[in-house]
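In structure tokens, the next block holds one chain alone, the form predicted on its own.
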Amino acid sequence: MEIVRSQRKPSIDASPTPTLSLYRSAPPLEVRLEDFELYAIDRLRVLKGISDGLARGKKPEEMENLVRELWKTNMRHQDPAEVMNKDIISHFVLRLVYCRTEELRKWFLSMETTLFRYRFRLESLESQRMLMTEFQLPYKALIHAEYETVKDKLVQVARSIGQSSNTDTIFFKVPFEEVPDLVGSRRVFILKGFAYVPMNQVVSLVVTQFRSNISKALVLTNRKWTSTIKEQEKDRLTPIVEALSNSYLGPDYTQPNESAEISLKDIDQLASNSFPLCMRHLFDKLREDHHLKHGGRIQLNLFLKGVGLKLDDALAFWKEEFSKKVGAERFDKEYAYSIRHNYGKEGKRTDYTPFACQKIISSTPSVGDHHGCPYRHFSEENLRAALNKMGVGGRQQDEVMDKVRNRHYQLACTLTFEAIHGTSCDTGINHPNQYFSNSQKIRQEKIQATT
């Protein structure tokens, strides 16, 4: 797959069925640099949506609907003939992005396997058989004579899982260790080390093979990336690849809506009602200690900028607090510049963007720092105390802590939001300023409903 800047890529001659690729080799396509990144971001929206669905414990039928909707929304193309190309290109770009560490490989493998599982189930029966043939799986359909010897047991298993069974059903006899999910959920009959897998559950066989192929491919891709590609593409693709795994896919909140402007007289109430835990902790520490270290100042200042605090008010806010600790003169000399810099009024005059959750989670605060993500960086005792202070306790707090233990930090924040506001947040929390904006919207709706 060659990356070019402006040429049009030729389309792939693909049969109408199946529409699901096995991603065995990169396509011989010329890909525009713009499409390289945009296609990857669209697929990343799908994978992150799947990740959130799994973390929320959605049932298989709910996941199937979720995958269908995510794919339809994000992977469409204005030219229907290019949909298959977009699918293949985006997979190989993200394979390059997520091959680079064991943690990245593990996440990508899990999400791509889940995506493949549900897309396979959405294929027609004929397409499923074609894909099985492409995989060259060494399994043959059960012959009639052997089927008769185990028919009663197969019928019993089918009934136990709420499925019908008839003589037209095709079964495959496979080593039981190759369908661990079916064995674990007791969805197949096992005899003498073999599992009898009906055609409507053959997805487990295909997914096992798919996962194995992608796992091996990721290791090989990593070797090639490390040995040649990273250095060869250091001025072009490498920066894109290294940034994509931490991409935030929502609004950047650089410029708040005009209606979102906040004033200093309201800031304490807003902090109490609508700041996410990371920003509320920073705000409380600033009020308590009249000082924050560099990382905390930047994280909180950019957040306040994003929620609508004007530069003059920001300078007044920070000066009031810091002057109690370091004096007004020292504040003007040592700290005012960085605040103006964050607002794009000093230095290169860059209009800096408030930090998204992924950037905050990946930060590494030291002793005495207060920035970062409380769900990741707090001890369990401190996090529970902070949640109690926000009014999140009992079963809801336990659910938050369960997500934290499983390293679903953004989902933990989402559950906190839902507990405080008494409403669901289906999109999940991905940005502190999104948390604030959603909170304010809900509170305004409640006020309007009572007037």
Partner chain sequence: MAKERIPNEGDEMQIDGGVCEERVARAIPEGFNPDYLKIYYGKLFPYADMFKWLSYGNDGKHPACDHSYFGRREFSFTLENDIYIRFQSFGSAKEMENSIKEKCPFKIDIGPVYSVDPAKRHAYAQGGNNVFAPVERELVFDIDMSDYDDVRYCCSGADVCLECWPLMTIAIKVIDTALRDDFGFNHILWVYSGRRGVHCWVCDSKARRLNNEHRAAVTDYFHVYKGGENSLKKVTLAGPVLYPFLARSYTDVLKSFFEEKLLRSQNLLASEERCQKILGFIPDESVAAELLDKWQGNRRSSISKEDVNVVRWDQLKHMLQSGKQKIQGLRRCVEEIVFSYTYPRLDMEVSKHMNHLLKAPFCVHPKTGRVCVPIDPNNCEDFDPTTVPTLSHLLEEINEGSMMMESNNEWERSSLGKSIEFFRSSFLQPLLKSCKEEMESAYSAKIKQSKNSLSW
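Keep in mind that this is a model prediction, so the values were computed, not measured. Positions refer to the first chain, counted from 1.
What follows is about the form predicted together with the partner chain, which we do not show.
Of the listed positions (A141, A328, L191, A243), a single one reaches within 4.5 angstroms of the partner chain by any non-hydrogen atom in the predicted complex, namely L191. Of the residues K216, K106, R349, R159, just one reaches the partner chain in the predicted complex with a heavy atom at 4.5 Å or closer; this is R159. Although the partner is absent here, K324 lies well away from the partner chain in the predicted complex, with no heavy atom inside 4.5 Å. Although the partner is absent here, M199 is not a contact residue: none of its heavy atoms lies within 4.5 angstroms of the partner chain in the predicted complex. Contact between E320 and the partner chain in the predicted complex is not found at the 4.5 Å heavy atom cutoff. Within 4.5 Å of some heavy atom of the partner chain in the predicted complex lies at least one heavy atom of F176. Picking from 292-300, 373-381, 181-189, 353-361 the stretch near the partner chain in the predicted complex, with a 4.5 Å limit on heavy atoms, gives 181-189.
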